[in-house]
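Here are two versions of the same chain, shown separately as structure tokens and labelled structure 1 and structure 2.
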Structure 1
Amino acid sequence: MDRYAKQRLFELLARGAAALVVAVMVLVIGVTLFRGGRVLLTDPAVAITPPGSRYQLEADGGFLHAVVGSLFIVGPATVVSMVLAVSTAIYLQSDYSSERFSDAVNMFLNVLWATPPIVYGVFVLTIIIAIGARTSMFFGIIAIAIFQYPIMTRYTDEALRSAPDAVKEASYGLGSTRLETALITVRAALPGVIAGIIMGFARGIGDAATVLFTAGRSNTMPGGPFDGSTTLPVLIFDNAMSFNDELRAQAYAASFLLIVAVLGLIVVSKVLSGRYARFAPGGRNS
């Protein structure tokens, strides 16, 4: 086989693999949107109605408690993780740390990124048992924040590294301090930083394993931070295995909301990245 035939064969395999991945993605999203959307069109109140006292037995009420629980857990966790991630990414730049130290930290961040989410849940559960506490939204926030931390840090670090060197040079040339220069660099890399924060939020709101052992399972509306709560992914997991047809239908409806939310976050990430790209050197209308 000559090299041109090998090239055509490789192109054919690459296109076939890409087409297979896209087809599977479209099939999964399409089936979920079709079945879940049909449930929401038939009974839209299921998404905005709190659960009843016999929710698991009779599917009494909706899954508003899971929606609120997801927001109450992932929202604060994203804020905590964002502060830590941006601070870490700034420190990993050459202004503050050596290249050897930065590479070592990035290696550990890559390991944390590849760690299965359930490991974070088990880690926080070990802490809960050690201090004699019980599962609650507070520990769910801690678990999700730890899970999001390496994702946001790697995104932010890459964004800061991709910022033009002229930004730092001009800043130092004007007599700015390291902190002032870091803030200017963050502004120049804002599109990538925003994308990392939104992707971290999307990963957090779609994860079940991390909060499975930390936030508990609850069929009531979330109370205080030290009360148990459930999230949409955990509710989908529980309802999908139920013997009750109505609960299984609610699992598809909740999956519909979750997919729409994640896809919406990705779109928002793209829009905001484009919106703030004009503030970066060389960006649109800069």
Structure 2
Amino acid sequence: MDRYAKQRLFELLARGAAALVVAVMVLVIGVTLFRGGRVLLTDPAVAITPPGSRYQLEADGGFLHAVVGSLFIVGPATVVSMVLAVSTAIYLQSDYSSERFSDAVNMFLNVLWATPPIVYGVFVLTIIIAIGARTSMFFGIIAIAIFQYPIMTRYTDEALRSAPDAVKEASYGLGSTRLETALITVRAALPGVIAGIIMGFARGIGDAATVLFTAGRSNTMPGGPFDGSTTLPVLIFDNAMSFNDELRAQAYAASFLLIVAVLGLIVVSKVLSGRYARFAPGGRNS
């Protein structure tokens, strides 16, 4: 094979690989929207009906408990995680410590980021057992918050890093304190920070391994923060291999909701980061 044939071959391979990846994504989204959409169209009530008493056996009722569980677990977890993540990112980017210490913190954040989510689940569960509590929404919130924390910190840190140094210098030059400078830097990097928080929320709402053992996996509507609860991914996981056709169908309806939510969040994050770009010095005017 001469050099040019080789070149053509590999260009073809590269294009093929990209086409394959895109095709797989279209397939996954397509199958989910089609199968789940069909279930939701024939019976839209499954998404807003609480489960009946024999849900797991006879699929009576719908999966409102999982929708509610997802929102009430991932929402608060995102708030907790956001506060911590933005603070840590400010610490990493502003002048609160030596560069060496920031590097060390960064290394631990990378390790946390790569830690398998199931480990967070196991960790929180051992705490639950140690203090003699029961699995509940509250511990689900803690587990998801721990899971989101390194993700959001990394996004926020990157956003703050990309804010121009001139912002920081100008702020210090006017005699601002570190706190005031940090707040102005956050404002300058707001599009990235918000995108990071939304991505953290999207990752949190899609994760099953962390809440599998910590949120309680119940088949009833949660009554309070210390009640057991389930989330959409866990519901999909449980129903996917059920022998009951109706339950399997509900798994598809649930993934329809989940995928629409995640795609919607990505769009929202793009729109918001466009809108807040006006805070960025020298940024686009919109």
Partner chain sequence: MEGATESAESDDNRGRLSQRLRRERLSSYWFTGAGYFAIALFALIVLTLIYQSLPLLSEYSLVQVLTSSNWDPARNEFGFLPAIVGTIYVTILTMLIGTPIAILTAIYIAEYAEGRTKRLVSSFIDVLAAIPSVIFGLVALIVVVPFVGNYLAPVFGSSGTGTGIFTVSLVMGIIVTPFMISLSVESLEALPDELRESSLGVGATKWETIRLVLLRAAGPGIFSAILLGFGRVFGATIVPAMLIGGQTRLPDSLFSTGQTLPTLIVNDFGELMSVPITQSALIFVGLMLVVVVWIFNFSAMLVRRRLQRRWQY
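Just so we're on the same page, rigid core means the largest C-alpha set that superposes within 1.5 Å between forms. Because the structure is a prediction, the values reported are computed rather than measured. Numbers follow structure 1, counted from its first residue as 1.
In this pair, structure 1 matches the form predicted alone, whereas the other structure does not. Positional change of Val267 between structure 1 and structure 2 stays under 2 Å at the C-alpha, relative to the superposed core. Summarising the core-aligned comparison between structure 1 and structure 2, the C-alpha atom of Gln7 is found to shift 5.5 Å.
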